[in-house]
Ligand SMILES: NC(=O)c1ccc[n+]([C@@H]2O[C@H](COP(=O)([O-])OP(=O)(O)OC[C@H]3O[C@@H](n4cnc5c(N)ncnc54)[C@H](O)[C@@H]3O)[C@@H](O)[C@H]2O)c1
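In structure tokens, one chain follows: the form predicted alone.
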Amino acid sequence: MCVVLPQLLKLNNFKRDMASTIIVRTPVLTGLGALFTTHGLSKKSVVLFDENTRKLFGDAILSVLDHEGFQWKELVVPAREASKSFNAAYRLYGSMIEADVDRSWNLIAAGGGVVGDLGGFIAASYFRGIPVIQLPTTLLAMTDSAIGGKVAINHPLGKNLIGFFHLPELVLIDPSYLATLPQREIYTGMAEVVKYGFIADGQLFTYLDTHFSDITDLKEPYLTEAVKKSAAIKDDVVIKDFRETDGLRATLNFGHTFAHGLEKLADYRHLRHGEAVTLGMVCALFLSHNLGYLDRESLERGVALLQRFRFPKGVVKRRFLDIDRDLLLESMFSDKKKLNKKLRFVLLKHIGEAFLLEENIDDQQVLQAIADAQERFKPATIR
């Protein structure tokens, strides 16, 4: 099955279209050379992997490049969040310079969110910008981080604080790659899928509620349908608000203000991003309800679905239920989503409609939402 989702954006005062095409199919790399030619891309590619992706998919991907007549340079980084750093980028720049990579090349980021963000950051900055092609291999990347052109590296004081808007020329999604993922990573990615149901599509929420186990078990056609719908929603939001200027794109951050605080407390190591987002969405649901925007029935539906997520034993207790609420609030203030030193929250009016609350929220209201979430959240565990 193949689905192509075109993006046509006009940015600022530039009198040109920036285009990105999302392709969902299995196998996604068939006819890659012709696809690159159609999109005006050269067949000279830097291919960035992390160590896990290189082991799982590297030989097959590079074999396709050879078969299609590409000239390529392979780069590999450790499979950890710490790879999204200036030090890692600096080393990769050096390898590219030594290989005589110039602005006629492009970069293929093959992997999950770390590789996509790091690869996009390097592509945006090398020779003042070369094309990037996203080849996501995780559910989270396929449905969120690989789409939309927000690329960044981390700073010790916060995650994703330093980066660019650099739209990929192509996003190539092959759901069959997900068969290699451990169960924990499937649930990590599922958090972003569910998020789209919360913020933009009540029918998608119902579909996910009905077929949750089918999707997390990677059954077709449910998996591909969930990926397609998620990619389409992210794509639509990006088209309408590429640089996050009118509040629409900010709705993609539902639960993320809480989540990034949780990630920082976990040293960006002990809690996966999607796990933090799941917990953050629980908090955001209670905040939406407590402030009078979300009715009780919708709150209960949302919490019930999120409690179907599975976490490694003990993770939720150590990284959420037992943490100090004041400490979490303090950690949240390092998030890039704050503006003028005030936290910005995405809330729900009902399932399928989110909005960015512009007014400041009293700290006690935020602390109460965290307390309510800690009291109520009882997820399944992965033993």
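On a predicted model such as this, the values are computed, not experimentally measured, just so you know. Counting begins at 1, following the sequence as shown.
Just so you know, the form predicted in complex with the ligand exists too; it's not on screen, but the next bit is about it.
Does the ligand, in the predicted complex, lie within 4.5 angstroms of each residue among D50, G113 and K159, using heavy atoms as the measure?
Heavy-atom distance to the ligand in the predicted complex: all three under 4.5 Å.
Do T137 and the ligand share at least one heavy atom pair within 4.5 Å in the predicted complex?
Result yes; T137 sits at the interface with the ligand in the predicted complex.
Verify the contact flag for T180: yes if a non-hydrogen atom of it lies within 4.5 Å of a non-hydrogen atom of the ligand in the predicted complex, no if not.
Contact check for T180: yes, within 4.5 Å of the ligand in the predicted complex.
4.5 angstroms heavy atom contact with the ligand in the predicted complex for F70
Taking the distances in the predicted complex, the answer for F70 is no, it never comes within 4.5 Å of the ligand.
So, L299 and the ligand: in the predicted complex, are they within 4.5 Å at any heavy atom pair?
Looking in the predicted complex, residue contacts with the ligand do not include L299, since no heavy atom lies within 4.5 Å.
Go through D209, E81, D295, D241 and name the one with a heavy atom inside 4.5 Å of the ligand in the predicted complex.
Filtering the options by heavy-atom distance leaves E81.
Exactly one of T257, N106, S145, T216 has a non-hydrogen atom within 4.5 Å of the ligand in the predicted complex; which residue is it?
When the ligand is considered in the predicted complex, the option within 4.5 Å is S145.
Listed range touching the ligand, judged in the predicted complex by heavy atoms within 4.5 Å, from 85-93, 201-209, 182-190, 303-311
Heavy atoms within 4.5 Å of the ligand in the predicted complex occur in 182-190.
Using a 4.5 Å cut-off on heavy atoms, what residues in 252-274 are near the ligand in the predicted complex?
Stretch hits: a single one, R272.
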